[in-house]
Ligand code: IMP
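Taking the form predicted on its own, here's one chain by itself in structure tokens.
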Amino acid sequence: MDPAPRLIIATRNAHKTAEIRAMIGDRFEVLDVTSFPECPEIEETGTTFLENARLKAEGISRVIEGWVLSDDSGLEVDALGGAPGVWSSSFGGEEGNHALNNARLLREMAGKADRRARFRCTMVLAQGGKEVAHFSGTVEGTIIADARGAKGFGYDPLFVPEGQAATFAELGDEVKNTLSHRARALTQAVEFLAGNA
């Protein structure tokens, strides 16, 4: 039996890699850039999810042979004009500090009647330093006033997806991975790879 093809995720975020690996199953050997010390840090200087995902996928695929998949994702809140958007991971003032990000979101949303929001994910597949394809997924929902649940990461304790009563942090990975923005984009990427890898 042939070994599973290798898919490199252009991230150092262990949560993201684990989430993608769980969704893909054994169809691919899923690695991330922590397995490749020669990979550079890619600065996310884009102003859209697609620009940032493209920068990461193309940059890493110049260094590593094979399929590279990157994503850029975040939370868009209608009452905040689409913020935090591409700045979701640094919204609280410190990159990757979920507690600060959630605290700022709750402050900004205080007294707002419109609680609509969505998670958006854009993924880019690249090889040899060039984008081959890109995919996008969204999940609509609402922002609640108090954090609930201990599973997941990021804004999961504050986001209730449409059609659910629980937050992503209460639903847990098994349910979240069938509903999420990342799952929706990844399904398209896996379908593309099935016909092209």
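All residue numbers are counted from 1 along the displayed sequence. Given the structure is predicted, the values throughout are model-derived calculations rather than measurements.
The form predicted in complex with ligand IMP exists for this protein as well; it is not shown, and the discussion that follows is about that form.
- For the chain shown alone, residue 56 is a contact residue for ligand IMP in the predicted bound form, at least one non-hydrogen atom being within 4.5 angstroms.
- In the predicted bound form, ligand IMP sits within 4.5 Å of a heavy atom of residue 156.
- The closest non-hydrogen atom of residue 44 lies within 4.5 Å of ligand IMP in the predicted bound form.
- Residue 98 belongs to the set of residues with a heavy atom inside 4.5 Å of ligand IMP in the predicted bound form.
- Residues from 180 to 194 that approach ligand IMP in the predicted bound form with a non-hydrogen atom closer than or equal to 4.5 Å are 181, 182, in the order they occur in the chain.
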